[in-house]
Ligand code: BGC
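Below you will find one chain, with nothing else, as structure tokens; this is the form predicted alone, and questions on how it binds or moves follow later.
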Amino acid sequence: MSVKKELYGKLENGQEVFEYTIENTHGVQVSIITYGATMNRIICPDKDGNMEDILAGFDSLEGHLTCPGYYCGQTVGQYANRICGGKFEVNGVAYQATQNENDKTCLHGGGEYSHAVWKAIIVDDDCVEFSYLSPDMQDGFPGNVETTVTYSLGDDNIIQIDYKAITDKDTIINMTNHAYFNLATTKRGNVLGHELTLNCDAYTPTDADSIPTGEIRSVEGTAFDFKTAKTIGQDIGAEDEQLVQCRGYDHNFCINGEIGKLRHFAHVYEPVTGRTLDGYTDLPGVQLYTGNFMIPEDIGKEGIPFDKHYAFCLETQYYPDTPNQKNFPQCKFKAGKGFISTTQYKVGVKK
């Protein structure tokens, strides 16, 4: 096991951004940059032993800066996903968060965590910790929040992300990582042929602004049923209002099992390369996003243009708009306490 630190780039103000690469004894690597505490690369073998990067994203810091709306691999907070109108209450006090999506919704906490430069320390030869202090009322969220995100890589090929965000005021916190996966790499095209299984009996339908309606709907007999393996593309074009308005999947799925316990929520298999991806989390939900708004005007790694459905995201989370949906599992945290969670992604090969 080893960790390597290199200069990745500089912001316009001269602030340096570093990349940390963890490598296990099998040659599997995960790289994280301090800009956005961003998971930037995952290099792993295919069934023939070829080592390739399975994350869609950018080759340089410039790509992240010029295409910030993708949040490629970035840590997202203070509230991941959407809040309706950016409005929420804590202890009866009304707050207004930044409305950074169509001047309507608050998306990914206004982008604060994703576009900050985090401090980093090497904890061990398999682990790097990133830290950031979010000031009280930044983007409308109460509380000074001391946040750490720790990435580790084991010889079992599990990439573990440990989140810890402690607040000094009662507040809402919901964090995730916005990695875009393509197990065949984007040079082989879109992800519609990937086979996906989700341990989810229900999902949360949304309105035209991608805000949950409050309903928790069974996936049974719908295009949202991934309880048994099927390709991402099998039903993505179905005449389902939910899919039509989002141009594909961009929905929160309700993970089966006890919230707070680490449990298996996803299995993905890519038949051309044989690569697999398994997801585990202690959070209640996962957002399946199928790159519906990726466009070829934006250039990704190796100079390959993005395109629709070139990658998928599995963003573990509390449900979107939770503070305004009282029937959802809640994510309000008391002063002195906070959001503590673990998500794992395991890479593998099926020969």
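Just count from 1 along the sequence shown to find any residue number. This is a predicted model, so every value here is computed, not measured.
One more form of this protein exists, namely the form predicted together with ligand BGC; it is left out here, but the text below deals with it.
- None of F226, Y180, F130, F88 but one reaches within 4.5 angstroms of ligand BGC in the model of the complex through a heavy atom, and that residue is Y180.
- Of the residues D250, D278, D235, D170, just one reaches ligand BGC in the model of the complex with a heavy atom at 4.5 Å or closer; this is D250.
- Each of Y71, Q287 and F293 comes within 4.5 Å of ligand BGC in the model of the complex, counting any heavy atom.
- Ligand BGC is not drawn, but in the model of the complex it has a heavy atom within 4.5 Å of E315.
- In the model of the complex, none of the heavy atoms of L198 sits within 4.5 Å of a heavy atom of ligand BGC.
- H194 falls outside the set of residues with a heavy atom inside 4.5 Å of ligand BGC in the model of the complex.
- When contacts are judged by a 4.5 Å heavy atom cut-off, C254 does not count as touching ligand BGC in the model of the complex.
- Just one listed stretch, out of 39-47, 297-305, 62-70, 25-33, contacts ligand BGC in the model of the complex at the 4.5 Å heavy atom level, and that stretch is 62-70.
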